[in-house]
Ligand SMILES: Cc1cc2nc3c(=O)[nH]c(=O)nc-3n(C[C@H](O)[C@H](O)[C@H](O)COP(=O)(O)OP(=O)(O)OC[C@H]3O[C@@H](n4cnc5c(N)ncnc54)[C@H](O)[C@@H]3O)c2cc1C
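Shown below, as structure tokens, is a lone chain in the form predicted on its own; questions about how it binds or moves come after it.
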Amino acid sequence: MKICDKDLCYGCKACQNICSKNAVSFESDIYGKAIPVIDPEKCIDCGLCKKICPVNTNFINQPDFKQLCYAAYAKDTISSKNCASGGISNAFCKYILENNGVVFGAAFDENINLKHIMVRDKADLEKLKGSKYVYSDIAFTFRQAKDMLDKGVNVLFTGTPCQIAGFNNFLQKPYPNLITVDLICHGAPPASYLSEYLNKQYPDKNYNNLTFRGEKDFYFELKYFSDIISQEPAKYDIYFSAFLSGLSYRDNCYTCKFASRNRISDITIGDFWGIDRSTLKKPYKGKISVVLINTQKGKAFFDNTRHLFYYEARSIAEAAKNNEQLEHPSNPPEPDRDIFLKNYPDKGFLGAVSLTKIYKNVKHNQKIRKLKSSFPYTMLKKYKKKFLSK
């Protein structure tokens, strides 16, 4: 009654979606990670869950297609205002909806649970914007998407590479009306970590939205509709710092076989970190996305949508230079990762993080900020500016 090695499980829920008897459910292990559990009374031992599991299958990109790389950003700067990068995903989604299609992507609900949803209306695209540094719950969206595909509806499915791999395996055949878009993923924490953190840090706050990279980039920002409840730069926030350091990912993220230049989707998107802006044909100071075209179908889709972007060809080597997950998986911070895992079962997320160097760095940064905002420090700054500059 085992689908795959649980340490390697991606949590993509392809197994749950494929089971016609609904014998597969997901439960949290001692580290808060959702893993599959089989109900022996419902299971008919058909083997489909094992067959389509990404852990148990190899993937091969189109050998006859030469991968293309672009630096790009959306022309519609208003619609892409709250996007994490250059607004490319949002432009793709708008195009699909304008052509009577549907979009699947990750969105926070009113309780800040990250779930994959189906979007039919442009007004709902706002929910999909921004980076969400937690693993989304696929639920039964694979089944929903297949139903749309079988009806001939154009579908754009976005997600992490492992989620796209699980979806492709679940479908078991290609669909001409499907476009898959994966993210250059650093790793994803279990959903339970974010829930624990919010409950501990903000127990008496009312909020219904969270952004990590919205209009204010790299801020942990809680909102209640348009009202800002809390707004912290990443280096002052414990959850954000744990993520950026690589402390809190699922175990499988550190051995992810999709963290390479060989991609599983039609199109890959991410931030074009470290791009040499002096070499851009059109000077630009805003956020720029890297766009990798991985299949002939992806190229056809990009050709149909490229009027929505400013774009230019770049080398894949340049994109990979500061996007290490195009070369290898993230490395866990040691010894902090071992300390975290050892203490999580008894102490929970905050308790386990509090024993690491990462936590100490956050507290140090908070202490320096408090010092800099103190009366003597601000008076000294004014004194230096007024007298020492003369």
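The numbering used is simple: start at 1 and walk along the sequence shown. Everything numeric in this text was worked out from a predicted model, so none of it was measured.
A second form of this protein, the form predicted in complex with the named molecule, is not displayed here; the remarks below concern that form.
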{"query": "The unique member of 292, 247, 165, 188 whose heavy atoms fall within 4.5 Å of the named molecule in the predicted complex", "finding": "188"}
{"query": "The single option of 94, 146, 299, 132 touching the named molecule in the predicted complex, heavy atom within 4.5 Å", "finding": "132"}
{"query": "Interface segment, criterion being heavy atoms within 4.5 Å of the named molecule in the predicted complex, picked from 275-283, 202-210, 229-237, 106-114", "finding": "106-114"}
{"query": "Complete contact of 17, 177 and 180 with the named molecule in the predicted complex (any heavy atom, 4.5 Å)", "finding": "no"}
{"query": "Distance check, residue 142 to the named molecule in the predicted complex, heavy atom within 4.5 Å", "finding": "no"}
{"query": "Partner proximity in the predicted complex: residue 305 to the named molecule, non-hydrogen atom cutoff 4.5 Å", "finding": "no"}
{"query": "Distance check, residue 169 to the named molecule in the predicted complex, heavy atom within 4.5 Å", "finding": "no"}
{"query": "Proximity of residue 325 to the named molecule in the predicted complex, heavy atoms at 4.5 Å", "finding": "yes"}
{"query": "Residues of 253-289 having any heavy atom within 4.5 Å of the named molecule in the predicted complex, listed in sequence order", "finding": "269, 270, 271, 273, 289"}
